[in-house]
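Shown below, as structure tokens, is a lone chain in the form predicted alone; questions about how it binds or moves come after it.
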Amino acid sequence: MSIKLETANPVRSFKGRGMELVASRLADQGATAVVCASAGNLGQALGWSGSRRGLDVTVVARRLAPAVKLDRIRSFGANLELVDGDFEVARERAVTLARQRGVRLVEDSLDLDTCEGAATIGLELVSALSPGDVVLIALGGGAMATGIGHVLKTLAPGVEVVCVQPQGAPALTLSWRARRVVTTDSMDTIADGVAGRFPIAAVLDDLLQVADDAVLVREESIIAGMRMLLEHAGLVVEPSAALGVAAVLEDPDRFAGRHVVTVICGSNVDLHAYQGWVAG
């Protein structure tokens, strides 16, 4: 297995790619402010990219998001508004704020800039791939999967694109399988970065064009994947980044003898929680 590392950057996740596009384009347009909802990583990335360009950045996040992510959002100069409830509540609040203030709303996965940013990962992968190889991509809102997937299906159509989501937050995978939007009533996963209940129809349409498969993995497999990345690659990662490894652990025969690449998408993790997971 090969890994595509997306954590060795100021925001410790792939989200910086898309937010650099967003912030640079907004600055060129003379914008002064921007709003987003975030599970944590997007808000950090927008705070870092936007503040450097003089943008007033407001991030809406759930109050129970990992403290390390909330602290880093503040440290990058963003205004942070916390809401009770899950990510969908934060998304609704961000929509309201953007409308009230008359400023740009960045909506992860629906905003094409977020997908274009993720697509650059695919461009960097293509030269290392051959027909029959597999790329495993964590599936949350869908920006990374659709962005990378579009590039691979265009430039390396013989590569299999497999999306991976936790069983405790399966909405977009269930939607992909049903070929229609499927929502869920609740979420229960440590992989907070990919936890959503309401897939976006336009994102599902794109995902149906580029994903060869979408699989669900158990929480214990995610933890085992985190432990393996620490022990064999020296990487401390957040749960979402271990989804690809978890997929291989759960179905080793499927991937045996094949070149498999998994994208390590983020490393913003509460160290106390992390230590408990990997030590257990």
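Here the structure is a predicted model, which means the values were calculated and not measured. Position 1 is the first residue in the sequence shown; the rest follow in order.
Only in words, not in the display: the form predicted in complex with a further copy of the same chain, which the text now covers.
Only one of the listed residues (Arg104, Arg72, Arg93, His150) places a non-hydrogen atom within 4.5 angstroms of a further copy of the same chain in the predicted complex, and that residue is Arg72. Mapping the unseen interface onto this chain, Gly234 counts among the residues with a heavy atom inside 4.5 Å of a further copy of the same chain in the predicted complex. Among residues of the shown chain, Leu271 is one whose heavy atoms approach a further copy of the same chain to within 4.5 Å in the predicted complex. Taking the partner from elsewhere, Ala31 is found to have every heavy atom lying beyond 4.5 Å of a further copy of the same chain in the predicted complex. Though the partner is left out of this view, Ala27 does not reach within 4.5 Å of a further copy of the same chain in the predicted complex, counting heavy atoms only. By the 4.5 Å heavy atom rule, the three marked residues Leu125, Ala128 and Ile264 all fail to count as contacting a further copy of the same chain in the predicted complex. Only one segment in the set 210 to 218, 224 to 232, 243 to 251, 37 to 45 has residues whose heavy atoms sit within 4.5 Å of a further copy of the same chain in the predicted complex; it is 224 to 232.
Within 4.5 angstroms of a further copy of the same chain in the predicted complex, the stretch 186 to 209 places no non-hydrogen atom at all.
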